[in-house]
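One chain comes next, on its own, written as structure tokens: the form predicted alone.
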């Protein structure tokens, strides 16, 4: 197997790329994520370990956020009394004052889920050592974290001192979330830190043990317990040190620190090699269905594996009360909040590749139905109205104001109140899960209730005007245009939602009549309510320009200032940032796929008035909205790649795919330091499978493909689950097959 197609490699570390690579090199296991910070630390670094579900609303902060828990990584190495540091410049090559890095390689092996670093280092004393670091967050036991350090004396006979620690003094970029009282345990060979969050009162316990062939001592300085070992190395001699850590929270155990320390004893008994073997075995099962093999494009292959890796390490394996945030568990961006990114971008790949993980994510929404119902009531509606941003409570957590702008002003954030399509996005994911998995039990017990109660919300939300139904004060996927009336995306998806709800109810009445009656009574699904849903379906206003043969984004859109977005190239920022917020909202500049997103979700079911060919309408939509789209959101390029491929626009679809699959690797948005773009990662998987390969369920209920591969892709091979059965597909490029037969 070609490991180069499974590795992300850094050879020349640079200070200005430090935080970028910390994000890229995040390791995780669906329980936690740890950024790729150095064991010894570095000025300006941003070490963080984020655990699913551990949120806190710190004093003075507008909203709660995921909490950076005590750091399990620290390992400091001293060579002949001087600390090993990643210093790359010196005035005296023979006797540098702080030592010098002579060689360096860091690599994330995505197939194995292991991060490694190799450094050739000359100490101030002149001794040269090779330091090899390896770490992983076990996928086979989510509470085990392992590090291995190999130190080799290349030149000289150095004295080595190693200090392993847990750092209990951690913050979220200066914001403190833990109470001042910290329980520090330095009494035995397994050190520990236990902390409690200020508002949410979660307890987090972190334990650690250093395994050394030489004598160890333990102690602590403040909230930093440590273990120390020291020894001499003869030239060409080497030593291996293992560090085992464990994290538990009060969501997992009654006594988190005690439980973590007991888990470490299990890890030590098993040994590093055994733990790594089990971990790699679990990764092999993940990749068996999640991997997409592209023949003919090595760079796309590597980048696609990178995006898939980050979806997999963010998806909870066993916990159905947490979900994937917009920046996964790799950074502080968006405060760890959960958006529609999960249901429309991350859940679909998991439905096909790891359906149990997809089910966990949907169950997060079910458990948080009370919060959705609270929001509906608070806004004067019925049913369930899911929050635009949510955390552990299921309540709305979108801030109402932005952080201060350069001029000190703040921008009003309306998404928490007006971006209501998330309720339908969740229904879309539930319906997709059911149709692909055939998990009737899930639909009967959980999914149907969510689909139907969000339909109740829409039935109370629509407005009847002049013989038709409308929706005012909405925000569609295009967030540049706020508080608009009759977003075609929202209106059309509401029609889809109500049709789906009626279909699900009919299925329940035939297949699970007792459960149908239960939900009819609990949700007050009276004949009058169901009749209204049918009336809305028939009379919902879908903005459409018959002359141009296009869906109109919203009435009045084309009356605004036209900005030729393609002229604003090359650029590394959004057109909105160039024009300014006040002007851009009065233009035809679109933030991200909106009508195009509608076509991705519904395909030819997007519909067209009588007498018009729906395929031509879709092309008209593309030609209208593609040149107006800014791609100011990372969510946008992948959806354009998907739709472009289905429309046969393979060249531009590939350009969009290439941009999307490299958003994080190339830092195309300039903010990867804040975390991985989860939606982009899930979106590119869908662009390949649903777009370029054209995988779908046909009218007979079987799977079919309709390839529109980029011209240089010879084939694509992938595995998916369909109704409990694993299916393998190899989709060949029709153009190359035809050429080969001529």
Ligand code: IFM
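Quick caveat, the model's predicted, so the values are computed rather than measured. Residue numbers count along the first chain shown, from 1.
Not pictured, yet referred to below: the form predicted together with the ligand.
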{"query": "In the model of the complex, segment of 349-357, 362-370, 331-339, 397-405 with a heavy atom within 4.5 Å of the ligand", "finding": "331-339"}
{"query": "Candidate from 143, 591, 135, 551 lying within 4.5 Å of the ligand in the model of the complex - any heavy atom", "finding": "591"}
{"query": "Contact assignment for the ligand in the model of the complex, among 247, 635, 455, 641, heavy atom within 4.5 Å", "finding": "635"}
{"query": "4.5 Å heavy atom contact, residue 388 to the ligand in the model of the complex", "finding": "yes"}
{"query": "Proximity of residue 479 to the ligand in the model of the complex, heavy atoms at 4.5 Å", "finding": "yes"}
{"query": "4.5 Å heavy atom contact, residue 110 to the ligand in the model of the complex", "finding": "no"}
{"query": "is_contact(residue 505, the ligand) in the model of the complex, heavy atom dist at most 4.5 Å", "finding": "no"}
